[in-house]
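What follows is a single chain, given as structure tokens, in the form predicted on its own.
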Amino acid sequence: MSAVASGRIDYYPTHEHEGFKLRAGSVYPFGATLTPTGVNFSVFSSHAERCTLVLFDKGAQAPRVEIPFPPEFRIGNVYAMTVFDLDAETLEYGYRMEGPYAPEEGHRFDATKILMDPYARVIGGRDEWGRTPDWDDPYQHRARLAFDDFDWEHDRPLEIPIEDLVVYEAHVRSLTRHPSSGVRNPGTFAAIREKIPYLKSLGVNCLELMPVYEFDEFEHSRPNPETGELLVNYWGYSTVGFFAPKAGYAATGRLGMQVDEFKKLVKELHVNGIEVMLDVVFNHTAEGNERGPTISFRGLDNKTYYMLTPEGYYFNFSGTGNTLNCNNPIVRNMVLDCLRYWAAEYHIDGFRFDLAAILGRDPSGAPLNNPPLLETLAYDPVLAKCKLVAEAWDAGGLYQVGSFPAYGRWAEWNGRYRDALRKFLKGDAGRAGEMANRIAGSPDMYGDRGATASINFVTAHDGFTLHDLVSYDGKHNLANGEDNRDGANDNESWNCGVEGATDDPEVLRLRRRQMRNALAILLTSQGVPMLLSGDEVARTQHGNNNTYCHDNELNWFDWTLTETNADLLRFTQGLIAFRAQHPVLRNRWHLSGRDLVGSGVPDISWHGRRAWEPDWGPDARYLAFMLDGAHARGGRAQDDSIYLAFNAHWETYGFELPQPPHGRRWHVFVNTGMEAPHDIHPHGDEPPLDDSSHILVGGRTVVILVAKAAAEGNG
């Protein structure tokens, strides 16, 4: 029986090169794999004519040896070889590929380049964040081996029902880099572990991390034209290696221990009931267009890995120079292998796919009716319990929010929720009907997919923070060095009367109320809420809505804000706790607007200034709804009924209230028209209304009421 057929590597060599003993390797898995006698190397290229394995001692400028793959070591389009007696701890490796350089035909082979393995589990060469690289090094991003010896103990992915999630989007470095963070190793995976108590106190149960895999912060780096400060690739949406956690994010990265450090973070988050979702970028790579660097894919098999025009140029549906050819079977399998690896080896709970509409394009860029990659991911057995979330648009104009190919599995960042809430928040007229759909989980968009298909958000890393959404009418991005041309122009923001910083007490009071209004609606909407890190303490980017290039206080979480804006933090904590306490807010499927359990009222009902009479007219700037507690989780759970009124008009209005369930009274949970601490009340301490038939709701105010028995609250 052959070595490949038996799934093992025989122990004896058959070839030798410059003293290194070799034999034909196993074609699977791709990448570099430890064997009992050495290391198995396997790499794909369908158009290369020859392949050479290049071995380095760690950090050495010159290779230790270059070993051509004998022709008999190639099976199909895979070069596979086992090299005996290597010290895997000090080994770095790459490849040279020989083949045609014919860009017009899609080929860009260059045997002078040492290429990184796209399956590298560890990547060296950028071991410390911000340390200037040696630009003379012939091999900048160096593939290394990973050692799967981490002790997970009893850890496993948490599998929290998606309807119960409250997602917190954060950047690894930003979360702890500020001097006020008080951590031992700012800006690292290890430092986040020290902030787990804060995340628990906030109440979130899913940490969504912006890209954590290897990227080059020096890509397109340049001085700030105003300050001279170095602008960098800070966000990391430009992948060098999909399988490798970023060494510069690890306190132990200089020791090559980034794998264990990140696994330890995941493990501790799980112990504390917090899932981990990764932001993954399979739409493009750091190699850019035809003027970009050759790091890996371009030199291995350009025509396979990238979408190319008939003339051999790069399609740019990502807006960053190139587009991965994700529905090519080879690339599709790489994406699948990668996600399986993160799910199995790192216990990751879910993935958010950047510019996911690209994943549904064919090699010429046309949208596919049945994208094989999206279908494969939806039905993959290893990923069966992972959350899959799409950013359902791309830079090429394909917008699929509400129509993304879901296969019963995919959720979406609901950009239409964001836009509707922003417009209603600033008082645009005639938006009540659309706002009602968004609050209800967007049944007009996700009718057969359920409310949990909608990831609801008001802000995200890309755009204004919540503080800036109510403080700026326009973007202020001059610090990016692009003459304020970059970043979105359609922010749907309102500065509350003054652009930017002010000491006007009335403007500041209105801004505080508007932030509370947005959070109150977000956290009482059906679907899955997502918060941007720092919004709970009014973090500002001073009007910059595209801080992709700043490693400074524009992005860093200033931890002094937890004290300065403690009232907003307390308000957010209270809302998240309220959501957790009330299953009626967390339905997997859409509410029907009918009485399905015989309670006498519908599961959800809409109201206006008069009970049971919603106003969907062109001048309406208010909206109210009631959730019937008897219908919680389809009648399988009992809950309090909840009533919410949002008056986005600048004048106070009286609202007639629907009758609370028999034997209960309306109690006030939230009134954003009140100053702290009276804007929100702890569970069990909500004061009753004197009159449960009417309430006055101030201008630009949200009121949330809970129907409780008299013994349950004060009075």
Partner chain sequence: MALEISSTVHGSVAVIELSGELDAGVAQRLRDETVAMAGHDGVRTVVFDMSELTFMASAGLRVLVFAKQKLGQGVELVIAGAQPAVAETIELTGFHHSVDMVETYDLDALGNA
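Numbering follows the first chain given and starts at 1. Treat the numbers as computed from the prediction; the structure is a model and nothing was measured.
Form predicted together with its partner chain: not shown, discussed below.
Among residues of the shown chain, Ser592 is not one whose heavy atoms approach its partner chain to within 4.5 Å in the model of the complex. The closest non-hydrogen atom of Glu268 lies within 4.5 Å of its partner chain in the model of the complex. For the chain shown alone, Asp260 is a contact residue for its partner chain in the model of the complex, at least one non-hydrogen atom being within 4.5 angstroms. Its partner chain in the model of the complex comes within 4.5 Å of a heavy atom belonging to Phe150. The three residues Thr90, Arg184 and Ala251 all sit with a heavy atom within 4.5 Å of its partner chain in the model of the complex.
For the candidate set Cys338, Ile196, Leu86, Ala190, a heavy atom within 4.5 Å of its partner chain in the model of the complex is found for exactly one residue, namely Ala190. Checking Leu368, Leu596, Ala429, Leu255 for any heavy atom within 4.5 Å of its partner chain in the model of the complex turns up a single hit: Leu255. Note that among 470-478, 321-329, 150-158, 438-446, the stretch whose heavy atoms approach its partner chain to within 4.5 Å in the model of the complex is 150-158.
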